[in-house]
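Quick heads-up: it's one chain on its own, the form predicted on its own, in structure tokens.
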Amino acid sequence: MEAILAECVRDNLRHFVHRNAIFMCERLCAEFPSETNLQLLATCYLQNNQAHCAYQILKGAHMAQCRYLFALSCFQMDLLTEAEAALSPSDSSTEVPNGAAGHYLLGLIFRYTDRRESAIHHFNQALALDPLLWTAYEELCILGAAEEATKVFDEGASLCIQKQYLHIALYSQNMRESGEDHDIASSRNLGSSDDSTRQLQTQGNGQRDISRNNHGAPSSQPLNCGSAGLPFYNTPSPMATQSQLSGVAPPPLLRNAQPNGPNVRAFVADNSPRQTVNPTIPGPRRKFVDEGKLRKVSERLFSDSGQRRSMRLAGESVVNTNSFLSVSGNGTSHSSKFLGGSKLTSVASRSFTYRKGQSWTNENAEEGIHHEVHDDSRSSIAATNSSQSVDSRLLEEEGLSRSSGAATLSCSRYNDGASEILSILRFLGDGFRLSCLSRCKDALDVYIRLPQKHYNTGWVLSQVGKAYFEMVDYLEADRAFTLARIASPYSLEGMDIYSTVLYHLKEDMKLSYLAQELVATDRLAPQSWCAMGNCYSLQKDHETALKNFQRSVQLNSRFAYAHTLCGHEHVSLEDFENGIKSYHSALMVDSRHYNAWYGLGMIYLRQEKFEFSEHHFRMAFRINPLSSVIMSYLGTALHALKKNNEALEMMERAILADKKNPLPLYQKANILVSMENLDGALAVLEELKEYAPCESSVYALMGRIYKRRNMHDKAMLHFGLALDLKPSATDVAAIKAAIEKLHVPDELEDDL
């Protein structure tokens, strides 16, 4: 009963019938309460997204797998302290439960509790145990501690994969083969169990073994004997009818029985006749049925049964040489046998050929007679046991041959497969690692070298889009994300970034369509509500946008980018206090999320807390040293702190990082003006006019420079051009004030 219920539960889990699995597993635990069955019940609840139920069931469990499931339920419920206690070994000799998966979960716990070094250690341990645990390498990349992919996914990893997965596959294969051999041996033993009633016939030139029932009549069931699978056959005899009609047992038949021989291998090797058991002089022929009919029946029976067996072996040989081992998604290993055809063929030929190449079937078909000899039951049983021992040895030899052939072929296939997998992972790992280090151009160079079938997948195209986004190339990012949507319309990977790309491109129609599409695809995904929030933010409805971003945080509190977007909306609403809280929440999830450091720097810059602003911009700069925007604002903070030389150097680096970005050129001009280098400032602004011809602040700054040089006409011209470009209300007021004081000297203007 317990086995039936447990298998029913596992079958329901395989088919995702979670409600029935929970119900049947409760019956199982009621009948057979044990920690193993409770573990199965907790698994049902976890797969049904009911972590709180699994938590209550497994609380206080001691089995390693139970502790892992308990820690997983605690992690999903955000009870990280209890999860860590369940996974952490009590002493140095105890291992983390569940191997690589346990180390990975423990690494996540340490990461979210801000213990970076411990998290890195456990992620490395997980990769060492299972090189195919890609998410562990992803986490190392996010933490900025990943080694080069060529060092992680190397030959050592290939050997680890072969050892791990080949062992599982060969174990499954051996279990299947041993089951088949057991079936053959069982059927053989079943056929020879009634040794006292089996009688053997022996003659020098040919033998025929007929199994009979207790009355001496032929048995109605064919018996399978020997590893070659040669079936015994029965022919109808009138003696059976006579016995049944008269009720008197017939006289004993004359027999000349010999089994398959005391040593078949030696018999075939020397190809010479061997003395049979109890050789006797043949007696007179007694024909019970017509000899011609008997020959036809015998030939038909031998032909049919022999062909079925040989065809099955031939089919297995053909199929198995082209099959390979595979592991299914639910973790169950499936194996196919790699059987050597020569071994089986030789065994089969030995079974069918008896002496001097003379076929057993032909002998029996031609004879169709019984020879009467006197023999006792002991010799009959001994001969039968000898036959069984020979067949057992043949079965063992076949098993060894099949196992060695399977192991050799499996090792070769697994070696090639592991090398191919690791080759792909090296490309993907290098690309992702470089992206996390903000080396986006290098990452794109790696991704482009991927095979086309892997490049045109949703995950890779999303990573390409993110790389272009970090490079502030929004048009290329839009193209990459569009291709990702075509390749995987069901995937939401990177769609939060895509919505921000459309926000910067001011593509309100595309952004609105994307947001509605994502919500329709998955209303419980944080990316969907990030897209919806960006859509409202583009329409300047910051309050509604904030509600959507908060919904995203509610769905996944560990989604750092949603916290950052909440902070941006708080800043737009001039709510700096809550904005700081949101940015801090993002950094608690991911300390290398440079967008949050940048947001905090902007808040402190607007509050004129320049030292705090410089600190946070520097933190963002350490994480992303190639961002022109971050360098520009860091230079601005340095300029506000009167560190003009450092500020000017930072602006130069920002200009080199992105020549299309007008911000560092404008800030450089401001710094040169403060350093009284007016000619240099004008030269920079003239260059900037080519990149940003419609930027009013450029013309306003040029007007102030011309005013300081007492070139009032040019100053008035540029102030007018700045007003024509419709600046913000604050800038309009500043420009009009400058026009009113156009003829007032700067010294007097400062005093006023």
Partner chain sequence: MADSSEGEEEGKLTGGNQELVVDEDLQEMAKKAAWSVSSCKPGNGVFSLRDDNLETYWQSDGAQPHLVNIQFQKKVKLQLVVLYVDFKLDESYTPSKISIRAGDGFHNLKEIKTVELVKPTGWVYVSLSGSDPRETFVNTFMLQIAVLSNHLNGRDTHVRQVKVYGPRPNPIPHQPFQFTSTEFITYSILR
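In this text the structure is predicted, and so the values were computed from the model without any measurement. Residue numbers count along the first chain shown, from 1. Each form is matched to the other, and the largest set of C-alpha atoms that superpose within 1.5 Å is called the rigid core.
Here the subject shifts to the form predicted together with its partner chain, a form of this protein not shown in this document.
- Taking the partner from elsewhere, residue 696 is found to have a heavy atom lying within 4.5 Å of its partner chain in the predicted complex.
- The closest heavy atom approach of residue 663 to its partner chain in the predicted complex falls within 4.5 Å.
- Proximity of residue 716 to its partner chain in the predicted complex: non-hydrogen atoms within 4.5 Å are absent; the residue sits far from the partner.
- At a distance threshold of 4.5 angstroms between non-hydrogen atoms, residue 540 is in contact with its partner chain in the predicted complex.
- For the options 117, 679, 420, 574, the one in contact with its partner chain in the predicted complex, meaning a heavy atom within 4.5 Å, is 574.
- Exactly one listed residue, out of 75, 561, 468, 447, brings a non-hydrogen atom to within 4.5 Å of its partner chain in the predicted complex: 561.
- Proximity to its partner chain in the predicted complex, taken as heavy atoms within 4.5 Å, picks out 602-610 from the listed stretches 602-610, 438-446, 75-83, 109-117.
- Contact check for 614, 657 and 683: none of the three has a heavy atom within 4.5 Å of its partner chain in the predicted complex.
- The partner is not shown here, but in the predicted complex the stretch 499-521 reaches within 4.5 angstroms of its partner chain through a heavy atom at 500, 503, 504, 506.
- With the core held fixed, the Cα of residue 725 is displaced between the shown form and the other one by 2 Å or more.
- After superposition on the rigid core, the Cα atom of residue 735 is displaced by 2 Å or more between the shown form and the other one.
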